[in-house]
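As a starting point, one isolated chain is supplied in structure tokens, in the form predicted on its own.
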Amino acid sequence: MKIASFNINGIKARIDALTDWLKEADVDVVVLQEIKSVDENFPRAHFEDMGYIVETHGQKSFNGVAILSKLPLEDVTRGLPNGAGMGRDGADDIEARYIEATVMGKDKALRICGLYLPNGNPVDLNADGTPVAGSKYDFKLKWMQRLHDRAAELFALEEPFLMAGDFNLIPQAEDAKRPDAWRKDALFRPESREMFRKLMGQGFTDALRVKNAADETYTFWDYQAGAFDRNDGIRIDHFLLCPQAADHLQDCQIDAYARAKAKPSDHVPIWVDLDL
């Protein structure tokens, strides 16, 4: 079972690039981020004609996640749990950033959690260094805690699951070409990384680092200043596997070539191959 994650940075602008990559990559399932489309405007029929089941959780102009699958999907849910009062400025969290579904493999079922974690910038801090309540950075850290809690629920089931998507998180200095340039950024601040380590500490495997330990391996390059040509990138798109899924891991790689195509996203696909 080949499963991919791809932040496409707008389905309207990237439909041709996504279509071409899907034909080349031949994935069974892909979780998408930043579709930037309401559900009814997503080009569902186009991907259904390619053989994919389409499930979306959209939002006008911003955010938005989706799952495309050639395999049967069951129990599709939308939205990260416990969002009441957890949005910006104390409102409910209604941002379209999270989707789950169970995909049926030939031998086992796999729960897939597709996510687009909040960016968190600008970082607004109080005098004591804590995030300003209701700020974007506060929202990011609280969202990460909710993600941790959802993972704990899934771990307790002792069944195969994974979390994949754009985490907007640089785990370590080796995951950025110029780590010093990111020290004060929400993607690399100590509080963000500590929350990520807390999430990982429940028993996740970082699939890419198991199968590809190469230096300067990134998933995002800014559009500005020739960042891709200089490989001035960061690794912020991840596949996290629970033990029951990691036992079936065959490979995990990044399709960096997609960034050199016409009208590319600023992210590239990352994928895993599981023997399920």
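The structure displayed is predicted, hence computed values, not measured ones. The first residue of the shown sequence is 1; numbering continues from there.
Same protein, other form: the form predicted in complex with the DNA, not shown, and the subject of what follows.
- The DNA in the predicted complex comes within 4.5 Å of no heavy atom belonging to residue 189.
- Within 4.5 Å of any heavy atom of the DNA in the predicted complex lies no heavy atom of residue 140.
- Residue contact with the DNA in the predicted complex: residue 261 places no heavy atom within 4.5 Å of it.
- Proximity of residue 119 to the DNA in the predicted complex: non-hydrogen atoms within 4.5 Å are present.
- Contact with the DNA in the predicted complex, defined as a heavy atom within 4.5 Å, holds for exactly one of 70, 60, 46, 211, namely 60.
- Among 136, 146, 111, 177, the residue placing a heavy atom within 4.5 Å of the DNA in the predicted complex is 136.
- Partner proximity in the predicted complex, defined as non-hydrogen atoms within 4.5 angstroms of the DNA, places exactly one of 78-86, 111-119, 124-132, 150-158 at the interface: 111-119.
- Contacts to the DNA in the predicted complex (heavy atom within 4.5 Å) from stretch 1-21: 9, 10, 11, 12, 13, 14.
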